[in-house]
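A single chain comes next, written as structure tokens; it is the form predicted alone.
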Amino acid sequence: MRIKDEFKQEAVINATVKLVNQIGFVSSSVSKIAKEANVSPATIYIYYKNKEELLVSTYVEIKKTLGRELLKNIDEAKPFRDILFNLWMNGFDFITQNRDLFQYTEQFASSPYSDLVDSREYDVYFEPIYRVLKKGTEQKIIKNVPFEMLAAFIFFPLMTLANPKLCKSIELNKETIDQAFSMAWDAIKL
């Protein structure tokens, strides 16, 4: 039995992201992904049962990375708005610096493959965010609405602004980024 090679697995994930972004889910076959990753198709099957598992695992790995990045330098002892601003900026930085990963997750979330994801695989990476938002609602700082609604008004604006395909006419600088956060903040605060 062949052993798993961490570098080959990373190459497969990178090739999956690249090909899906270029040619889509349907056209991205295991053989094309293997060729792009410079491995044999048999190598891919060491890590994944089939193409669907590869696509789902790639998405889950990106979500785990996003969760870790969102929480960089977060100090839950700071004022709530400051914590939220740090989360927001971490998300903005991640998206602008990892457009390929973000593009993959956007396509994936709108695809039938998203039904195959067990979010429990990455929810633990977002637990501190849930905890912060719960604390904000308990302290009556932000609206007491479902987490998904808060996330829509906090994070979807930054996802749009950080995506150059969706936001072509705004020059992103400190002033416009601060304005955008203030608008998101105004949407959720009490």
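Quick note: we count residues from 1 along the sequence shown, nothing fancier. From a predicted model like this one, the values you see are computed outputs, not experimental measurements.
Same protein, other form: the form predicted in complex with another copy of the chain, not shown, and the subject of what follows.
In the model of the complex, none of the heavy atoms of G67 sits within 4.5 Å of a heavy atom of another copy of the chain. Another copy of the chain is not drawn, but in the model of the complex it has no heavy atom within 4.5 Å of E6.
In the model of the complex, N50 stays away from another copy of the chain, with no heavy atom inside 4.5 Å. None of the heavy atoms of V124 is located within 4.5 Å of another copy of the chain in the model of the complex. Applying a 4.5 Å heavy atom cutoff to another copy of the chain in the model of the complex picks out K143, N144, V145, P146, E148, M149, L150, A152, F153 from 134-154, in order along the sequence.
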